[in-house]
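Let's start with one chain on its own, the form predicted on its own, as structure tokens.
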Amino acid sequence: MSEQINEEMWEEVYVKPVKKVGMITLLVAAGLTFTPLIYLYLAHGILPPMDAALRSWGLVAAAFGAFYIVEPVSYYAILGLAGTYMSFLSGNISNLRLPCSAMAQEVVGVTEGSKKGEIIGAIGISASVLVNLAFVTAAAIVGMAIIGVLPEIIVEGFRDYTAPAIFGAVYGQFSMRYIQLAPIGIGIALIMLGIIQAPAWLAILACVFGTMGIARVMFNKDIIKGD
């Protein structure tokens, strides 16, 4: 009975307010993206032809549409509900919000997907948004001046290897927990991208759900142990 009450309290106190605020803020942000277009039309009478707008939208949807489904599903276990809303509103999900959420939960010692993990992950993401805002502002002011004096090889290194380094750190972090699954995730990625040469969104789906499926089988056979 107490567990049922806790679930009901969790739903009322946390889940419903998060959904309400999250949907409102995302819809407001989506509406504000049209502000430049509205300004150009009201101030200068400029409006792109409908066929050109639809073609542009089609190109963007073809290139990134699959990620609208893939990324929320793939990242939800670590980001949590509130973290998902905040991350998709603020951006930089895979290279900043996801590692911050994962590291916060790792440091505190909570399990991803649990209620404690949900709250700790949201706190980590909130902190990352504030820190990111401060450093992005500073970078916008002085960043280009600093980059301008660095050797080209260092600039190229930052550009080409920062994201892989972050992904590698997150991969290593979770591989240490379930070392048996580490080669499986890498193996699926190598097959999908190197042999089959599947598009990135399909490779992500295969890696996420393929690893989850194999992990479930290994768990049922007592090859790996859950937390």
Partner chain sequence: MEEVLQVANEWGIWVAGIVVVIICVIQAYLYLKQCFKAGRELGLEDSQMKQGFWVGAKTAIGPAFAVFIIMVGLMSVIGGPMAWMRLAVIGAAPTELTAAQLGAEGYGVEFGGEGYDLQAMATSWWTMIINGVGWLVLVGLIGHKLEPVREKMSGGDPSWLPVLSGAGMLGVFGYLIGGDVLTLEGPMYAVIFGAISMVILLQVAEKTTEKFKPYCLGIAMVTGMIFAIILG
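All of these numbers come straight from a predicted model, not from anything done at the bench. Whichever C-alpha set is largest while still superposing within 1.5 Å between the two forms counts as the rigid core. Residue numbers count along the first chain shown, from 1.
Absent from the display: the form predicted together with the partner chain. The rest refers to it.
Not displayed here, the partner chain is approached by K225 to within 4.5 Å at the level of heavy atoms in the predicted complex. By the criterion of a heavy atom within 4.5 Å, L42 is excluded from the residues contacting the partner chain in the predicted complex. Using a 4.5 Å cutoff between non-hydrogen atoms, A53 counts as a contact of the partner chain in the predicted complex. The partner chain is not shown here, and in the predicted complex it never comes within 4.5 Å of any heavy atom of I196. Using a 4.5 Å cut-off on any heavy atom, the residues of 24-39 that reach the partner chain in the predicted complex are, in sequence order, T25, L26, L27, V28, A29, A30, L32, T33, F34, T35, P36, L37, Y39.
Superposition of the core reveals a Cα shift of less than 2 Å for V131 between this form and the one not shown. In a rigid-core overlay of the protein, L26 has its C-alpha displaced by under 2 Å between this form and the one not shown.
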